[in-house]
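What follows is a single chain, given as structure tokens, in the form predicted on its own.
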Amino acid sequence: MIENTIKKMIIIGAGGHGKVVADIAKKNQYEVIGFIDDNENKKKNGKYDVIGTIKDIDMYLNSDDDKYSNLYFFVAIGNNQMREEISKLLMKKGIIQPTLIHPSAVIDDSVSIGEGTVVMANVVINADTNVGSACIINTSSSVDHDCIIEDYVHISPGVHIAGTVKVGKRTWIGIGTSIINNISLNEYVIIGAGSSVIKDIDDKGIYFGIPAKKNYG
């Protein structure tokens, strides 16, 4: 009997971000079984069925049905806090979350990327950068050399981060933002779309503008 080695995936989070993750998962040779989402009114996400809620993870994980053999889970939720909470739930269950990288991404061999992180189309990550767990490195963004991107960060489409930048845990960087080299962003920071960050951000809160200044939090 030939062992079934096809990698299967259930994606957590039946939204637009999840649709993009599903495409990347397919390009990484996963068979996407469907989505789970705690919104019980959702029955479809694009062409995929929504097949349950978070409470059903154990049922699928422990199923004897060959359909769910060699099964992986991936958290495809844009909200950093929610993604962190569910990622930690999977870790407690001993579930290893794969790293998903779009084939068009350009990533130096020296780059380290944590589990549960997705790297989307046309991303560039340069030498000796360290990307944490359950991050989103979104479409056509770039992260230059020697950066540290901590866990649960979301780098939006079209963001450009220069070399030797540290981005703290659960920070969200809005679409089209630029960050100059050799600076540090604190944990739990939100950078508004189209901003330019030219100095360290030491306090959590919401920042935006050119140059980015604190506005809330």
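Worth saying up front: this structure is predicted, and the values here are computed from it rather than measured. When you see a residue number, it is the position in the sequence shown, counting from 1.
Although it is not shown, the form predicted together with a small molecule is what the next lines describe.
- Interface residue remark: residue 142 is not counted as part of the site for the small molecule in the predicted bound form, having no heavy atom within 4.5 Å.
- Among residues of the shown chain, residue 198 is not one whose heavy atoms approach the small molecule to within 4.5 Å in the predicted bound form.
- Proximity of residue 97 to the small molecule in the predicted bound form falls outside the 4.5 Å heavy atom cutoff.
- In the predicted bound form, the small molecule lies farther than 4.5 Å from every heavy atom of residue 45.
- Among the residues 51, 175, 54, 183, the one placing a heavy atom within 4.5 Å of the small molecule in the predicted bound form is 175.
- Distance criterion of 4.5 Å from any heavy atom to the small molecule in the predicted bound form singles out 190 from the list 190, 165, 32, 36.
- Note on the interface: of 57-65, 151-159, 37-45, 22-30, the segment with non-hydrogen atoms within 4.5 angstroms of the small molecule in the predicted bound form is 151-159.
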